[in-house]
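One chain is shown next in structure tokens, namely the form predicted alone.
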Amino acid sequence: MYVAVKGGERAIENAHGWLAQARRGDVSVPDLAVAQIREQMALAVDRVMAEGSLHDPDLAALALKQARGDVIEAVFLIRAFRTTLPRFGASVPVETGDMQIIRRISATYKDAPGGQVLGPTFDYTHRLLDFDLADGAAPAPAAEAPPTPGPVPHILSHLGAEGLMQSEHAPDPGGTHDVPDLTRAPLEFPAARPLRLQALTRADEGFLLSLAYSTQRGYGRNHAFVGELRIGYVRVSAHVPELGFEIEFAEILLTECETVNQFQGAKSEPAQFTRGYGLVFGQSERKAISMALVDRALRARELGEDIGDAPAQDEEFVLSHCDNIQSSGFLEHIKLPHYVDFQAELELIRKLRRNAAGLQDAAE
């Protein structure tokens, strides 16, 4: 700690008090309720849940309030709280094909099987400031239909039925190929795809966005089509051994993206399409699409494709730097005292200068 700071522990307490005062802001302005953040800042709440790896809108909203809107600080708070929670078991894999859809689009099929559902989106807005919102004007009533009940088959399954899409085989939950848990075991390289996807789904959105953009600009030759982007509610269930059957205990909002990428084929398999995959808590389209693009870029080695120096294809680079809590922790630690280290550097520089001056005097 800053042992030389005047006041010591009292100074730290005062700093905390000042932070609380700054968080509250002008007391003449009504205090912001957690429920208001949850309902009206839903996309920020969803991001905190996704990167915090904990689905709880109320806690995510509280973290945003406590962090004064700093998303990464809010994620840090959620991650820290998550470590205190007991682990009762594992849920059964959710079935996104049974999703109650509020938004579903495809960039590959005009007449997508099951229909296109625009849902709540910024895609078709003019990006002009709406000053009516400053006056608290009520929104116009929505004409959008309620969530589409499942099941709604995935669009890429139609390509799979024609043999044009590479098949994906899920690991047997009861077999020897159980999916590793990134929250309980350290990340090791090379990392299997399930572990990579876990890292990407809780990765920093901005970092993934930059990597995904780089693949589109040629750093990884990853020209993808959005086969399907869907947002909706899925049921979460768990198998209870004492009962001998599954029970449904939650319903959560998810965003899922599947991209279609060309693959030239190999000696053992014909030319076909491959997919990139993204799945994120809440409504987070940009994150899900970015995740799908980076996932496909990281598959280059296993698909036998040429690998250059594209950052998005470097597994260790991507997975070692995508976590914003690790990144911010290492970055912000340099704010802490480094007196001894700096004094050593300072003495070294002075010594080098003295030596250089002595050599110059000898030369003269």
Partner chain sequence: MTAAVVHGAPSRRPPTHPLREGAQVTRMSAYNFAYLDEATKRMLRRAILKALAIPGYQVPFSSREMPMPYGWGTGGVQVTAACLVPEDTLKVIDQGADDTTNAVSIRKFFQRVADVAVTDHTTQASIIQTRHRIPETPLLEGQILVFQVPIPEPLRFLEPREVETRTMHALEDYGLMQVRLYEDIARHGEIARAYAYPVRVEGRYIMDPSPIPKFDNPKLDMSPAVQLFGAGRECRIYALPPFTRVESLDFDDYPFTATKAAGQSCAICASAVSYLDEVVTDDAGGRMFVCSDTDYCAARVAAKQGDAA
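Keep in mind the model is a prediction, meaning the values are calculated, not measured. Think of the rigid core as the biggest set of C-alphas that the two forms share within 1.5 Å after superposition. Residue numbers count along the first chain shown, from 1.
The form predicted together with the partner chain is left out here; the points below concern that form.
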Want to guess which of 109-117, 215-223, 280-288, 178-186 is within 4.5 Å of the partner chain in the predicted bound form, heavy atoms only? 178-186
Full three-residue contact with the partner chain in the predicted bound form, heavy atom 4.5 Å, for I12, P337 and Q343: yes
Looking at the partner-bound form in the predicted bound form, is D46 within 4.5 Å of the partner chain by any heavy atom? no
Would R202 count as touching the partner chain in the predicted bound form under a 4.5 Å heavy atom rule? yes
Answer for A22 alone: is it within 4.5 Å of the partner chain in the predicted bound form, judged on heavy atom distances? no
Answer for R79 alone: is it within 4.5 Å of the partner chain in the predicted bound form, judged on heavy atom distances? yes
Though the partner chain is not shown, can you say which of E302, D31, D306, E332 has a heavy atom within 4.5 Å of it in the predicted bound form? E332
Contact set, 298-315 vs the partner chain in the predicted bound form - heavy atom within 4.5 angstroms: D314
V340: with the rigid core matched between the shown form and the other one, does its Cα shift 2 Å or more? no
Given a core-based superposition, decide whether the C-alpha of Q21 shifts by 2 Å or more between the shown form and the other one. no
